[in-house]
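Let's start with one chain on its own, the form predicted alone, as structure tokens.
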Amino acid sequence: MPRTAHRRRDRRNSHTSEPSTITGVRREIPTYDLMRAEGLELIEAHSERLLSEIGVKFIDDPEALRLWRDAGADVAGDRVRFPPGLLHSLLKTAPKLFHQHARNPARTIELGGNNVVFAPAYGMPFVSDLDNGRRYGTIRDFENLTKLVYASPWLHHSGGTTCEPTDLPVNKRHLDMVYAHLKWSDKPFMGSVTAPERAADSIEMARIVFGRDFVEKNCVIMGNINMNSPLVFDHAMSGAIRTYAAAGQCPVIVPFVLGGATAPVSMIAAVTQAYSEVLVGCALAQLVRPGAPVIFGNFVTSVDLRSGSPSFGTPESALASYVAGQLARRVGLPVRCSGAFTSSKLPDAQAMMESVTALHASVLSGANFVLQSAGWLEGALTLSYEKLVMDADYLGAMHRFLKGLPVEEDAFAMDAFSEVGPGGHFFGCAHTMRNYETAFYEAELSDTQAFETWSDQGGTDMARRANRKWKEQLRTYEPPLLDEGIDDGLRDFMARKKEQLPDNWH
């Protein structure tokens, strides 16, 4: 038995040219409903009051203001106040469930319902690894991270700005990032949102790959929209929403709500603010194009009131995730919740403790799309190579957790009880031998050996084991096929766009 189990580990760890195709995991366990209906109704009532009395600013976006005025909102200058019921009526056209198509059709994902999709960390200016420490990200790092995400079967989505390639001009780097997702992976991906024209470039590159007619009728790209909480959309964000929605693509509307900083210190008020901001962003997408897919995003945490630094993996943020999931289900939208968040600077015990707290809250809250599920360090400032693969390994365990416990007849193992009898052991019985390959999730990076064996083999901790793993994954990486004509079309588009603009480094 031990020798056979070792062979099983070898088979599972063997490297192939293409990773396993897992397009999400079906939630077979119930969500955790933290708040009763009357509590949710209070949040909704205070949200209506906040939106009608205080309203939301739209800065430098006259088109958004025109859309709201025509829809019946009260527009005064750049402030928009929303009459009760307006946003909910607009959101009736948003799909409850939709697909984001991947370059490889076998990797197309479903967003909504009981499906859960895991995507890596997003937006980090720095990267780190045990060999070179913390440093600004480069396009080489971006490509490496895209390849590592592609190599993991537990990450269903390539993500978006996994790190900022700071060696490229600010106004042109989005082209190289989108190209990296399309070239080095065939999983679904996210495009740029830092300016409406960059969002348009991202969509145009998707059209080159998928075909203009296909993109007109199907979602193939998403954009992660962070509004300027509290209660502000600048032109970059509202313009990006309009750009994605007009093309029938999906904006993920995510407030940046920090209790005590960008929101009140009371977490129920912070949740109410976040809910209000999400409704406005999702409804704007429907004003532009009724039926455009949107995702209800949640990012609510607290700050350390002594230092002002954001804190992650806290009980308050976990509670906020549970309520966000309930609110999204009442609205009828797919929901994005927090991932493997941490304030730690290293892939250490603090990092994994906080990340597991946040990730479990996300999964149990009913999240459909878990951005930031692998690699996050230092409160979103750093993406760690080691933590990326550590988190991805743990996501494999989450796949098993979400499936719940099977109740088919063989799972009750009555034949094993008959064979073993009182006082025996089940290690080598027929039922065990039939099921040992699939009975338990076996983490690749965890060490369960005896102390002496572990010590003789170098006594390495998980971070060191993760360091070895990501290097091996890059060494054995093989890219998915990309048609040469499509590749040429992408490169030609990028070259033409770059020639049109001078480099901007700020």
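This one's a predicted model, so the numbers in the text were calculated from it and none came from an experiment. Residue positions are given as counts along the sequence shown, with the first one as 1.
Keep in mind the form predicted in complex with a further copy of the same chain is missing from the figure; the text below concerns it.
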Classify Leu305 as contacting or not contacting a further copy of the same chain in the model of the complex by the rule of any non-hydrogen atom within 4.5 angstroms, answering yes or no. yes
Looking at the partner-bound form in the model of the complex, is Pro406 within 4.5 Å of a further copy of the same chain by any heavy atom? yes
State yes or no: in the model of the complex, is some non-hydrogen atom of Lys92 no more than 4.5 angstroms from a non-hydrogen atom of a further copy of the same chain? no
Classify Gly260 as contacting or not contacting a further copy of the same chain in the model of the complex by the rule of any non-hydrogen atom within 4.5 angstroms, answering yes or no. yes
Out of 206-214, 347-355, 147-155, 183-191, where are the residues with a heavy atom within 4.5 Å of a further copy of the same chain in the model of the complex? 347-355
Quick check: do Thr31, Tyr394 and Ala450 each get a heavy atom within 4.5 Å of a further copy of the same chain in the model of the complex? yes
The one residue among Ala102, Leu333, Leu279, Leu231 placing a heavy atom within 4.5 Å of a further copy of the same chain in the model of the complex is Leu231
Heavy atom within 4.5 Å of a further copy of the same chain in the model of the complex - the one residue of Thr138, Asn226, Asn171, Thr432 that qualifies: Thr432
In the model of the complex, which residues of 427-453 put a heavy atom within 4.5 Å of a further copy of the same chain? Phe427, His431, Thr432, Asn435, Tyr436, Ala439, Phe440, Tyr441, Glu442, Ala443, Glu444, Leu445, Ser446, Asp447, Thr448, Gln449, Ala450, Phe451, Glu452
